[in-house]
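In the structure tokens that follow, the same protein chain appears in two forms, which are kept apart as structure 1 and structure 2.
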Structure 1
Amino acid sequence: MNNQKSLHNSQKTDSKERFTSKGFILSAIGSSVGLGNMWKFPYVTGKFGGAAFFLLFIICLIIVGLPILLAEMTIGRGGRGNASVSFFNLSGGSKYWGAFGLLSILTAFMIMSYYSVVAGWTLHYTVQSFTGLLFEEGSSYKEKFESFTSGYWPVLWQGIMMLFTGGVIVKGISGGIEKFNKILIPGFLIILLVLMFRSLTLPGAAEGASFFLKPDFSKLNAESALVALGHSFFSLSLGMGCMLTYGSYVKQTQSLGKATLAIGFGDLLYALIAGLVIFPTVFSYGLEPGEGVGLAFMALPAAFSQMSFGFFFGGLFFLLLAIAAFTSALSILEVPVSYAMHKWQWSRKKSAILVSILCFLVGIPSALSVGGVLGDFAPGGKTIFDWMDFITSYVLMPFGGLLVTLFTGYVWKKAGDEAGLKGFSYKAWIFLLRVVAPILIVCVFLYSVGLIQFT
């Protein structure tokens, strides 16, 4: 009787824990398109070479990002579980490969700790912009940003973001993650297009568009290539079991090759449009494109304040950032939640609530380290917030990606069947995974840990 009951329960959960084909693609695009595209991509592009950097990013995305994306989704579907379960099953029960699950949980917590903080800022700025408070005269936008981040409000906004994210994760795959992505991702594109139209019609917009689209290779250095590669991991949500976990909820009939192309194209398209929103605006108002993390929060409000209906366009812009952050945060949180459900047999509700609370707590030091009470604690010249970004983007994610390439290229022999690839496409995929991707990743890794020095 007990057995029958548990069989019944698990079947019931199973049918809810599946993506539809369209829902999967939109949710995976929702994961990849995030603060990485809208907040990080513009400022790293501004800093590391403009259009030439964008080109490098596209190359990294195609030759390293997409093969690993396909590999992650294939491992998740073939192994039928989170990172730990899938690697364990497909390696024939190796506990060493199974340990990858733990690494992905650690990475997810670290990313969430600063990602949810920036996501919280976007909520605050959305409210401030729509209500017009952001544009009240008195102090500069830099001072406003600093006075906001130096207090305790960021902790509250980060908590609100975690509350929303956890609330959707409780509802599961089809009733939660998929449902929200199906609404938010198309809505997001519409707002982005409205803003692109606005920014491209500003006086002097062409200069910004050409900074972003007309490559000048003399602006590049070796660091640009490595940052481009690291960013391609971050942007496609790779190397931490996220796409792998989403892959485990995909139907057997779904073409993973086509999904990979759709997600890669989606990520690139949103990055392109985000660049076409930000750079023309920045140039049109004579601002500095290499401003850094504050570009979106310090430079852009100055531009919106001079535009007619700037409070509205500014509000839309920050709302867009908030949506992008939210759909990505869902995929990050799902990694430890699915792990807890499997490992301790907890219900989805219990896992989502406990893990969200833990993520919130882990994020507090990051929230207080951008000019706040922990701002002066900066070992090695980096605050807690900077360290979390640095370790995840340039060490843990590339390392996780490396494990995925080695596993698919050398350990799991049946990957091609599960991925549905044959002939040339299979050979090209395996070559990229066995040779090209590992070499490039090791370069990023060595650079990140400071073994290669650039002058």
Structure 2
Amino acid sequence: MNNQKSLHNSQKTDSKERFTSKGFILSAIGSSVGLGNMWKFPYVTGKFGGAAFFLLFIICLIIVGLPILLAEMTIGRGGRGNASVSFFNLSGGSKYWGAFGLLSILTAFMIMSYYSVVAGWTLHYTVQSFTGLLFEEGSSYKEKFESFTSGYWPVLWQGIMMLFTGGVIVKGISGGIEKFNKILIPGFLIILLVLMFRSLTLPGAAEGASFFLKPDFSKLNAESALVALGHSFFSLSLGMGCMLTYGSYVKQTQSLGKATLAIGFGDLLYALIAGLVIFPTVFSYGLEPGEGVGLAFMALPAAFSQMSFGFFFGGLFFLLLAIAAFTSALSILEVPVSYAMHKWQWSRKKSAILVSILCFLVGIPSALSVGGVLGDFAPGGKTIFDWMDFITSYVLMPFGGLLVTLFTGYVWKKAGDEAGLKGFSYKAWIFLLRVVAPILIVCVFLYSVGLIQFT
């Protein structure tokens, strides 16, 4: 009975919308280019050796990130359904693999609930910057950020972001996700290039570019290798069902191997340009490059306030962050929406609306825990927001990625046929998935939770 139900679901997905070749690659790049690329990647690159770390990151992307990316997309297209259905179908009806697939759907749902909070911040700061309100004299930018997050405004902006994201998901694949990514991703690149040109022409910009791009191999060590591995995994949105779900909308004529390379190149290109935006600006105005979230919402506004037409360039920067957040949010929200559509046979509109509302409600505690009324509730020294981030980013996502490698490497025997790989390329891919990637993912997990430490 379960097998019959699985086949029914699989057949149903075969008639759904499909990405065009270009639309799929742009949408997948949009998924991978998120908020982390705009400050985390430049920061860790500078911290661990500049161009030397960037080279290490590329190597890790090749041996871990891209093989898992190809595996996720292959499972999605081969299973022709959401994460749970695809694992169930391709494993021959194993309820255990179906349950593991359901875990990635839960991961995406949890990430969306708090990711929309930060995405809402970017919308608020975009409006504040373009209107000039952000740069009015008075309190410091740290105080402005703390004042904003201490109230209920973050909940409103979180709701607006969920409304935008859910509204696009309602319109489907070709009319929604693909259509918007075809506009937003090229727009994202144009804004990046404008900001890069402005940053590189600032006084002292050369020092910032040197900090980002000058190789310093003395800073490379075991810790930097694990950081590079971890970022290569997270930068491609792996382990939470996004690429697997997008893969289920890919046509059989699409070359998944070529798509994987294009997505990886796009992710690298955007991260590289982002670094050439951040570091010249940071060094030109004497800021601290290691402030993380504070760099974007507290430190950089101070730099824009001193810059000619700072309100405009500041607005462009936060608009850039908002677009990055939005394109990633589309892929994240589609994961639970796709599940709801096939689990309960709901329409796309009903699924998108209900899942969006539920994500919004679950995310409210996170929105109110960053300096808000729930800020003092911090069991184990972590706020609700911090716990949601820790559980998903450092536990569930690595676990989901590990399951993908083991499933593709050991369980699903026809993965090579679906991926379009033969001979040496297939053997190399399977070796990486069976041996190299699982070992490295476990190491990254142990490092992330503090079981591997460096002095």
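Only the largest set of C-alpha atoms that superpose within 1.5 Å between the two forms is called the rigid core. Residue positions are counted from 1 along structure 1's sequence. The model shown is predicted, which means the values in this text are computed figures rather than measured ones.
- In this comparison, the chain shown as structure 2 is the form predicted on its own.
- Annotation: Cα of P215 displaced by at least 2 Å between the two structures, core superposition.
- A displacement of 2 angstroms or greater separates the C-alpha positions of C60 between the two structures, with the rigid core held in common.
- Annotation for S27: C-alpha shift under 2 angstroms between the two structures, rigid core superposed.
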